[in-house]
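Just one chain follows, in the form predicted on its own, and it is written as structure tokens.
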């Protein structure tokens, strides 16, 4: 509903980052992501729409050995490439170091007017954009639920929530680092992390989750993505069944986009002989 390619929370996260880059006359958006990153795809599209260049620093040096083959096997990178994004493939160790890695530093120094956006797009300007997700009409809800990756969307919702609202974050990763970060950042305690629905970790799925996604789509006509929103909705439904929410609760679940990742996930599932996601 926001944009066909710059979808969900990525639209919110990039909004003020791009406005800042343009105001400072910075010409190249530089960011990080895995080979199937929704953030990479959205940044590539946003750069094109705004007349900017884009460079994606991609985890996995081997993906650059045969770019043509990589693009033929990876719908996400193929789309970003079509949008004009240039790729810089780095080793996993260099990727963990991010902008501190020597190869990344050298890249940034070589680019004209670069503007660095962190992995997942989460920084202060992204949080500012995510505070705009909730509207006055959403005051009717007393629970607001969202999936959690780097935490920027959750921070925006926490900052924007009304006094009667409790924010529930459903991490897609096993790591609990985000909890300590939120404790230091949040100005109130009307939020909780629900850590029971990551399905084994980031980008991990199961037959049970795929079945849930397909049933949800058949029942509602709404597609979920396998990385974030499927786990969020599975968790919300499970908590309802377990009586987590008080009677007469009004629950809002935020769909953060990411549907571009379905094609790549289906390719992986098909290779493993597992059920695929219906679209």
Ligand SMILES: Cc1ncc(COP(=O)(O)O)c(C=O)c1O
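Predicted model only: the values in this text are computed from it and were never measured. Positions refer to the first chain, counted from 1.
Beyond what is shown, the protein has a form predicted in complex with the ligand; the following relates to that form.
Using a 4.5 Å cutoff between non-hydrogen atoms, residue 122 counts as a contact of the ligand in the predicted bound form. Looking at residue 150, you'd find a heavy atom of it within 4.5 angstroms of the ligand in the predicted bound form. Among heavy atoms of residue 38, some come within 4.5 Å of the ligand in the predicted bound form. Within this chain, residue 264 is remote from the site of the ligand in the predicted bound form, having no heavy atom within 4.5 Å.
Judged by heavy atoms within 4.5 Å of the ligand in the predicted bound form, the contact stretch among the candidates 180-188, 94-102, 140-148, 67-75 is 140-148.
In the predicted bound form, 10, 13, 38 are the residues of 10-45 with at least one heavy atom within 4.5 Å of the ligand, listed from first to last.
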